[in-house]
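Before any questions on binding or motion, here is one chain by itself as structure tokens, the form predicted alone.
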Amino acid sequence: MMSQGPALYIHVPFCVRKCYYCDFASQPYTSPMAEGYVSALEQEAEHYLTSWPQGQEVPSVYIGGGTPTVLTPQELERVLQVAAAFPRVAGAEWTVEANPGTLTKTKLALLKAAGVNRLSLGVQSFDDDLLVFLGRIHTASEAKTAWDQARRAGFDNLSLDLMYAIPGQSLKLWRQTLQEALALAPEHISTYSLMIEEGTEFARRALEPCPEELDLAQYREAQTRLEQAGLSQYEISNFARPGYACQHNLVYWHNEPYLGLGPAATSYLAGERRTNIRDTISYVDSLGQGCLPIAERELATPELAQAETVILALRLREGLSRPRFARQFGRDVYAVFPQAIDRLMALGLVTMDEFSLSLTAKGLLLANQVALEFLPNNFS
């Protein structure tokens, strides 16, 4: 009898160069480093496959980065073979992130032949000046060409990543990017507010962030325009046509198990969160010595597991399912967090009925503050 196992995530830690805003675990691509990484990834996967429960299937696969498509066709094929070695649910969503500047017809054919059925294109903007400002390696025209090539290759589930609240990006420029994005008829759009993260080029430049009022106006503009175009907001940052919500991300928001492979990848298995070594060389060396490259492990207490389940589910517009929470923890969410829920409802940040607990429109704008209300005292 088949059963659903953890979702699978594979991290590819390479890019042509690092974008000025990026704090992800990534580094410039070199052939020797990529060869070591792919061999180590194969070893890490083999460790889990050796003890993989019979009949257990992966519900979704996501290969992200970095830039998976910066790999050569031969290296990319080996990474795809690692993913394909895990038994998958029939028709499972299989996403690969792609940069328009590194996506070729050869790589598209390779992805399609391997069984990848969803691509996420990191476009960020359709304004060339803003793309240069962000440190992107592609132009708006190249992004549209890559999109057209993906469609011709047979991909009928495509997602766009777009960024707003970029210093120098007016509301008019953001509207133009949304308009050009919608003209491509994507199945899914992710919108992210630019954050100035420590350790990034933008932080080193002491770049001033976008004013909060403009950030909020651009967020609301995305909500309005995308909803009008038929892409429903199903999560704080994500919009999709009916039937095209990212199934892999829903695993995270529902706090379900997943296995992460590659440098800096995180797993959530049997209530334990594990994070791999971030540095690629150290990751490769660890596996070369026959050791799993785990840097951190944390077994969630019941209190933390309950809090995480609420916080993650509240990112979804549908919110937390009270029946699902009760089945998982043996208690209703209101019995666990009565004071927090009462406070948040009094502030107009959450709403609750017999089936769900969810953020209000006002609460969507203050989701991080709402989350703090549910954390155990020693985590707040």
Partner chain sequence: MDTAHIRNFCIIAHIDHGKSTLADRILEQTGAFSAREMQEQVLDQMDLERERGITIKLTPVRLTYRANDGQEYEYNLIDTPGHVDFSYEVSRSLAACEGALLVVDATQGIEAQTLANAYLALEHNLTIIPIINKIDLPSANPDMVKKEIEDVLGLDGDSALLCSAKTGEGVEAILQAIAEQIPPPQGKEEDPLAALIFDSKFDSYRGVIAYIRIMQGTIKAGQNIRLWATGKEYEVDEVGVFGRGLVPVPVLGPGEVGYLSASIKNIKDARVGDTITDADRPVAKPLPGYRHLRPMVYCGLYPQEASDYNLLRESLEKLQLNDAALVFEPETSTALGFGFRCGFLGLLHMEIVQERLEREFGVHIIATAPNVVYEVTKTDGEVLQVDSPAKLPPPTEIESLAEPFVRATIIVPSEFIGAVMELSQEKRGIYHNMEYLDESRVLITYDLPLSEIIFDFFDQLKSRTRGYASLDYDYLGHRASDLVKLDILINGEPVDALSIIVHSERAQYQGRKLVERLRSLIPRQLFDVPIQATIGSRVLARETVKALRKDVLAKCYGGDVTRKRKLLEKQKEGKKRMKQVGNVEIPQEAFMAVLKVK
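Residue numbers count along the first chain shown, from 1. Only a predicted model underlies this, so the values are computations on that prediction, with no experimental measurement involved.
Omitted from view is the form predicted in complex with its partner chain, to which the following refers.
Student: Report whether all of 61, 80 and 244 sit within 4.5 Å of its partner chain in the model of the complex, measuring from non-hydrogen atoms.
Tutor: No, because 61, 80 and 244 lack any heavy atom that approaches its partner chain to within 4.5 Å in the model of the complex.
Student: Residues in which of 306-314, 283-291, 139-147, 175-183 have heavy atoms within 4.5 Å of its partner chain in the model of the complex?
Tutor: Going through the listed ranges, the match is 306-314.
Student: Taking its partner chain in the model of the complex as the reference, which of 215, 221, 201, 75 has a non-hydrogen atom within 4.5 Å?
Tutor: It is 215 that has a heavy atom within 4.5 Å of the partner.
Student: Quick one: from 266, 102, 117, 232, grab the residue that has a heavy atom within 4.5 Å of its partner chain in the model of the complex.
Tutor: Checking each option against its partner chain in the model of the complex, the one that comes within 4.5 Å is 266.
Student: Check residue 236 for me: does it contact its partner chain in the model of the complex (non-hydrogen atoms, 4.5 angstroms)?
Tutor: Yes, residue 236 lies within 4.5 Å of its partner chain in the model of the complex.
Student: Hey, in the model of the complex, does residue 347 get a heavy atom within 4.5 angstroms of its partner chain?
Tutor: Heavy-atom contact with its partner chain at 4.5 Å: present for residue 347.
Student: So in the model of the complex, does residue 197 come within 4.5 Å of its partner chain, heavy atom to heavy atom?
Tutor: Heavy-atom contact with its partner chain at 4.5 Å: present for residue 197.
Student: Indicate whether its partner chain has at least one heavy atom within 4.5 Å of a heavy atom of residue 20 in the model of the complex.
Tutor: Judged by the heavy-atom cut-off of 4.5 Å, residue 20 is well away from its partner chain in the model of the complex.
Student: Would you mind checking 250-268 for residues with a heavy atom within 4.5 Å of its partner chain in the model of the complex?
Tutor: Contacting residues: 252, 253, 258, 266.
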